[in-house]
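Only one chain is given next, in C-alpha cells, and it is the form predicted on its own.
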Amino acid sequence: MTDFRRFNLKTLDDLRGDLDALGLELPISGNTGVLGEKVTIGDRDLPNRFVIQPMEGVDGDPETGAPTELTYRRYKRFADGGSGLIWAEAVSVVPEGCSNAKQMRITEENLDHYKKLVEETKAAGRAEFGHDLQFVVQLTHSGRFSRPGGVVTPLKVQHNPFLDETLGMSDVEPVSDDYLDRLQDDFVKAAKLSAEAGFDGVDMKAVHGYLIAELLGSHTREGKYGGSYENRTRFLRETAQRMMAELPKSTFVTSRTTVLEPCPYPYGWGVVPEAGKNWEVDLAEPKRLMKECFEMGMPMFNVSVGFPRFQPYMNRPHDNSLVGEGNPPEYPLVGVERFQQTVREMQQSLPECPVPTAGLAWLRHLMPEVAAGLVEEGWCSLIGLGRGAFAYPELVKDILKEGTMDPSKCCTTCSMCTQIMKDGVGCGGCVLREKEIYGPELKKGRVAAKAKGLA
C-alpha cells in the first residue's frame, strides 16, 4: 500500500510524475476527439463514448417506488449534459429486495411515471444535441444488503463468515432455490415493464455483493444455484436468456457485473481458487462469463470491482471517506490505475464486446486526456461517469466542445453524496455544487444518525 494523500495535481506532467514515481501505468492522450466517436453496441449506435453509470439518488417515492421530481430533474440534467448512454440507477424487482426506503421499484401501478422519465430524458437529449441517447435501467435485488422501509432484512444466498460476522448475519439462513426460481420470474416481469416504459435496455445488476453478485461466488451453497461455475452463474444466464426470448427486439439485455468480489476462496469471485490464503485476483471465471453473455446476445458488458461497504477505495477512489471510516489505505491514484488495469484485462480478453470503464472522477480536470488514452490504447470502449456527473452533469458537453473540463465544477470525491445514501434519510446529489438542494438532505441524514448514536 502507498501512503494516502489527497489530490494535488495541476497538470498532466504532475500526473505523469506520480505515475512514474509509483511505477503505475495509465495511457494519456491529447486526442480527446476520440471520445466523441460513435460506438456500435449490438444493432444500434451510441452518439459518443460517454456513459452515465448507475448511481442511486435515493429519491424515489417511499410509498410507490416511482421516480419523483428530483429524479426527473437529475436524469434531464444528465441528458442535457450530452452522454450517449444513460445507465439508470438500481430499480428493485421486489419490495423485499430494496436497499433503502426510497429505492425505486417498477410496477404496473407506477408504470406511467417511468414512461414519463424515459420520455422526458430522451427529449432533453434530442433538444440539446439532436441525438437519440440510449437509456438502460438497472434491475436489482439487494440480497444480504436489503433494507425495505429502511429496516435491515438480509436475504443472503450463502453463509460467508467474512461478511456474516462483520454484518451480524451469522444466524440468517440463505434463501431457498424455490425463492430464486420465483425471483427469476420477478426479474423477467420487471424487464417487460421496463421495455413497456420505453427503456432501450435492461441490466441485471450483479455487482458489489448484492444478490446476483453473491451468487457468482456461492461456492459453498448447495443446490442448483451453488457449487460449480455452471450453477453459480445459472441465475444470471438463465434469467438473461428468458428476458431475451420474451422482450421486444427493441430492448436489449446486459449486465453490470463485478469481476472481483474480494473474499478469500471459497467465498469470493474473481479470486484464485485456493483455500487457506488471502485473496488474489484471478479473472478467468469473469472473462468466461462475459464471453458467454456476449455470445448469448448481450451487446455490451459493464464491469466493477469490490465491496463498496468495505473497500470503497477500490471502486471509487476518493479523498474524503464516510464519517468514521478514516482515510483510504492508499494514494487514490493507485485505485484509479487498479480499476483501469482490471477493465483493460476484461476488454482485451474480448475486444469485440464494448466494455465501459469507471472510477475516473478522482482525476478531476485531468480525466479527459486519460479517458482518450484508455480508448486509443484499447483499454476500454466507453467512458463511465458516476459521482463526476452528479457534480458536473455538463462535463461531457464541455469535453466534446472544448476538449477540457472546468476545474471549479469537478467532483472533489468528498463522499458527501455517498454519505447521504448510507444515512438513508435524505435524497442524494452533489452537496458541494448544489448546496441549496442537497445540503439540507445531507443534514437530515446526519441528524438521524446522531439520534441513533451512529455519527
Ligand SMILES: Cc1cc2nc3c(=O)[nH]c(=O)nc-3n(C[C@H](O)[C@H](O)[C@H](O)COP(=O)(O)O)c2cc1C
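Computed from a predicted structure; not experimentally measured. One rule holds for the numbers: they count along the sequence shown, beginning at 1.
The following text describes the form predicted in complex with this ligand, which does not appear among the structures shown.
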Practice task
Please name which of the stretches 24-32, 386-394, 37-45, 62-70 has residues with heavy atoms lying within 4.5 Å of this ligand in the predicted complex.
Solution key: 386-394
Handout entry: 4.5 angstroms heavy atom contact with this ligand in the predicted complex for Leu400
Key = no
Practice task
Consider Ala79 of the chain shown here, and say whether it contacts this ligand in the predicted complex, taking contact as heavy atoms within 4.5 Å.
Solution key: no
Practice task
Decide whether Pro54 counts as a contact residue for this ligand in the predicted complex under a heavy atom distance cut-off of 4.5 Å.
Solution key: yes
Handout entry: Ala361: touches this ligand in the predicted complex, heavy atom cutoff 4.5 angstroms
Key = yes
Practice task
Would you check whether this ligand, in the predicted complex, lies within 4.5 angstroms of a non-hydrogen atom from each of Leu139, Arg237 and Ala240?
Solution key: no
Practice task
Answer with one of His208, Lys156, Arg232, Lys102: the residue that has a non-hydrogen atom within 4.5 Å of this ligand in the predicted complex.
Solution key: His208
Fill in the blank from the handout: in the predicted complex, the residue from Arg256, His113, Arg144, Arg221 with a non-hydrogen atom within 4.5 Å of this ligand is Arg256
Handout entry: Contact set, 401-418 vs this ligand in the predicted complex - heavy atom within 4.5 angstroms
Key = Cys417, Thr418
